[in-house]
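In the structure tokens that follow, a single protein chain appears in two forms: structure 1, then structure 2.
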Structure 1
Amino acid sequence: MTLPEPVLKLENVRKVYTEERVPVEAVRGVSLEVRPGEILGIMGPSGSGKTTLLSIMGCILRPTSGEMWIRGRNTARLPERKLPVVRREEIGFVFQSFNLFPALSALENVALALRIRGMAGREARAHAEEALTKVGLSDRLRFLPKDLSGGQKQRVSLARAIVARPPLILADEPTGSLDSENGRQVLALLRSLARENGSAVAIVTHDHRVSELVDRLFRMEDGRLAEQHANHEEVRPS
């Protein structure tokens, strides 16, 4: 069976920072692919480079060297002015801190993700309501973030990430601010919605529960990535 083309492909990606004139290699020669409907988990200790890697995947940081393609477009070679369009059109983001606008309702927060893509207000609100219903918040549409629990805020963030059906979803510690039960529910929702939309998903997390939900699990340490089995036995460095 022919595999679908990867949504995201990295080839020998490196990221080097300079601290007090000393080069520090945060990401060391990472190569990987994520295909439509696939869920990939990246775990590792603080300072291992996983958040830097996710920022490169999200076109927030540029790699120092190496290549990266999103749906066949080499984003590592795009001019800086074109990267915001890639982030807006191709990627949905889920953050540990939710990043919701406090003065906007749940419905308005999600609809905004569509309005900045050029969708009319009424149509954007209809799609936003549908997305919020999918994450179980049909009775919280008009609530402000301050009136929502942590789990509900993360569901709004998830609805916002998936509402435009982006080909790529990047989640940075999506359960980091949640209790055990809410964390489990958010991970399960992220998996089911990604499958439904055919999105490729990469999750950076300390949460070991992610190993139960991902298709592939990676361990990152000292800037290097290694694929692991579910039992965390290392099988292939990359």
Structure 2
Amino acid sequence: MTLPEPVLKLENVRKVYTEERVPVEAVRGVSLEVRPGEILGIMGPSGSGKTTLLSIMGCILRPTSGEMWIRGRNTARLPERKLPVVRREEIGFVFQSFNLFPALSALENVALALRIRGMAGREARAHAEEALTKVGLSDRLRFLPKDLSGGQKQRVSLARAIVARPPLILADEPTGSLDSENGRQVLALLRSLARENGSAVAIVTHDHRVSELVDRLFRMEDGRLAEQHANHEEVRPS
């Protein structure tokens, strides 16, 4: 059996921040392949480079060196001006702080993700309503973000991330602002929506429960990424 082509491939990706007087080597040679439908968890201490790595995957930041492909397209070599197109066409983002437009309703926030892809207003709103229904918010369509709870806001941002069925979804601490019950629901929802669409997902989290929801678990430490093997059994005293 041949494996499907990776959605995302990284080869020896490095990132050195040079804006400050002392350069910071935030990502030190990460190689990785993510296939359609795979859900990755990335854990690791503060400052280990998780957000930097996710920003590179999301074409928000460019690697200092190394190669990266999204569905076969080498994004490390694309000119800067092409990156917004890749982000728009290939990637859905979920952030800890939700990043919703405060003046737009839940429905409009989700529809916007389709409008920027060129979809007409009426059709975009119909798809947005469907996505919001999937996340359990069919009775909150006209609400502004300020009138929604944290868990509801994060569900709006999940709907926004999945509505265009992007091949890749990137989530940076999606449960970081939520209590544990809402966090658990959001993670389970993210997983089922991604499965439904066949999207590959990378979730950065401090939440240990995520390990139960992911297909592959990674640990980032000091800019390096290592896969954890879920099934290495503890040796029990006899």
Ligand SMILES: Nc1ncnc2c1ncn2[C@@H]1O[C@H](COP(=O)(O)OP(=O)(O)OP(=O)(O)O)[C@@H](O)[C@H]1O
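Only a predicted model underlies this, so the values are computations on that prediction, with no experimental measurement involved. Numbers follow structure 1, counted from its first residue as 1. The term rigid core refers to the maximal set of C-alpha atoms that superpose within 1.5 Å between the two forms.
Between structures 1 and 2, only structure 2 derives from the form predicted together with the named molecule. After superposition on the rigid core, displacement of the C-alpha of residue 12 between structure 1 and structure 2 stays below 2 Å. Aligning the rigid core leaves the CA of residue 22 displaced by 3.4 Å between structure 1 and structure 2.
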